[in-house]
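One chain comes next, on its own, written out as structure tokens in the form predicted on its own.
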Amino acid sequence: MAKHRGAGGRVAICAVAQTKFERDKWQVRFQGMLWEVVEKVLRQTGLQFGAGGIEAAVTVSDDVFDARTISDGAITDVVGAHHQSEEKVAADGAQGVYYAAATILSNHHDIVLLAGHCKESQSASRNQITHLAFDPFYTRPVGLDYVAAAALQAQAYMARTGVTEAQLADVVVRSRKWARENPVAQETAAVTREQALAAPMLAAPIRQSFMYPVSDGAIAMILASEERAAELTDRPVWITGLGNCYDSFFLGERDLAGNFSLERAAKKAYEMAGVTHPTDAFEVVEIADQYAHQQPQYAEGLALCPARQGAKWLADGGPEKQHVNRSGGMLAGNPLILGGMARVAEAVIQLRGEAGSRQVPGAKRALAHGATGPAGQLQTVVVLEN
């Protein structure tokens, strides 16, 4: 193991790679899909597995989506984990960023490979998978899954704030507009408000167009201590704030129209990063909008606009003014468990000035958000700077 500087210091993301996200990557196994991005970050940094190089990996995967117990067991060779450290995150990929950063800040390793994969197309129904997240005695018998939970959240949020279906359709229209500028985005076909509103209803008020699509893909990153980052890149992106928080397990115990866990996760990250005025602190904002209503709702939770003002934020062009989801966001297609990781990846690309036609000029600080669990039960916030 390389000599460590000591606990503390800063952590940098030194390399990022993503596959193109697609509805069905039938032509490649998930190991090959993951190796595509791992190989790219190795080339970007010149690193190899083993002493003095990558001695630790954090992986993001899910047993049920992979249709196997201990899903990370099938990719240990891909991430160089034979006789080396490997830890798995079976949650949103932003938690993987948190875990990898903590591994470095705690002085266990000075370089960590973070690698996540998912092939949602392998399951007959994502609803059957997310149904398993619920309590087997009280909530599974009534058929709850993530879509139904999100619909209850959307109903509560829209009733409280006055956000309309037409506004949600406009969120989708804007997502597709920016997705066309993102070479790894999945859903890039232009859509009108009328077309979005005519999409089939899944669980009122969530239409098919208002929900992230079935998606396959993989993402890899290399994180390093401040000392080692200088060896790997001349454009490090620093993680300056991290926060996460869980809400209650049972939906009936939660205020679905509110942002209990997100507000607390954001508060932790902002305090760590020294952010005092979130409304104008970020040149780049990436929100994990699995459903269209979550973009304004989570904007409130992130203090990008006042509480209960999501409708006004949309009407006033808040997403465009604050450069929200120039990647296209999750509505343009990312697997559920990689949503937050993709948001961090886009933030890194923007802060390195590598975003092409979707680039935010002069981007210095970015906010990346991830969520998982029914109706955003677990929230993660990451602040990054160049």
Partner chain sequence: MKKKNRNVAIIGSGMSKFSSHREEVNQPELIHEAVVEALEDAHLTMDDVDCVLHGNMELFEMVHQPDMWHVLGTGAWGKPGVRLTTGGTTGATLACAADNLVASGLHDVVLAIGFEKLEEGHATGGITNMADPLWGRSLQTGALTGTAAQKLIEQFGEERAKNAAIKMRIIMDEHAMRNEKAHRRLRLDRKYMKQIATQTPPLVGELRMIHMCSQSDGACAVIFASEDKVAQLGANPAWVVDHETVHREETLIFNSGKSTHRVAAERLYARNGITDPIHQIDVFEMYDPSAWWGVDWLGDFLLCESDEHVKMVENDQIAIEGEFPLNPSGGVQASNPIGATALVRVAEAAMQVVARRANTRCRVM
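The shown structure was predicted, so the numbers you read here are calculated from the model rather than taken from an experiment. Residue numbers count along the first chain shown, from 1.
This protein has a second form, the form predicted together with its partner chain, left out of what is shown; the following refers to that one.
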### Task
May I ask you to check whether residue 140 falls inside a 4.5 Å heavy atom distance of its partner chain in the model of the complex?
yes
### Query
in the model of the complex, does residue 189 have a heavy atom within 4.5 Å of its partner chain?
no
### Message
Given that its partner chain is not shown alongside this chain, does residue 48 nevertheless sit within 4.5 Å of it in the model of the complex, heavy atom to heavy atom?
### Response
no
### Query
Does residue 372 reach its partner chain in the model of the complex if we count a contact as any heavy atom within 4.5 Å?
yes
#### Entry: Triple contact flag 109, 135 and 245 to its partner chain in the model of the complex, non-hydrogen atom at 4.5 angstroms
yes
### Query
Quick one: of 130, 167, 259, 209, which gets a non-hydrogen atom within 4.5 angstroms of its partner chain in the model of the complex?
130
### Query
Which pick from 105, 173, 315, 199 sits with a heavy atom within 4.5 Å of its partner chain in the model of the complex?
105
### Query
Which among 319 to 327, 38 to 46, 348 to 356, 65 to 73 is in contact with its partner chain in the model of the complex, heavy atoms within 4.5 angstroms?
65 to 73
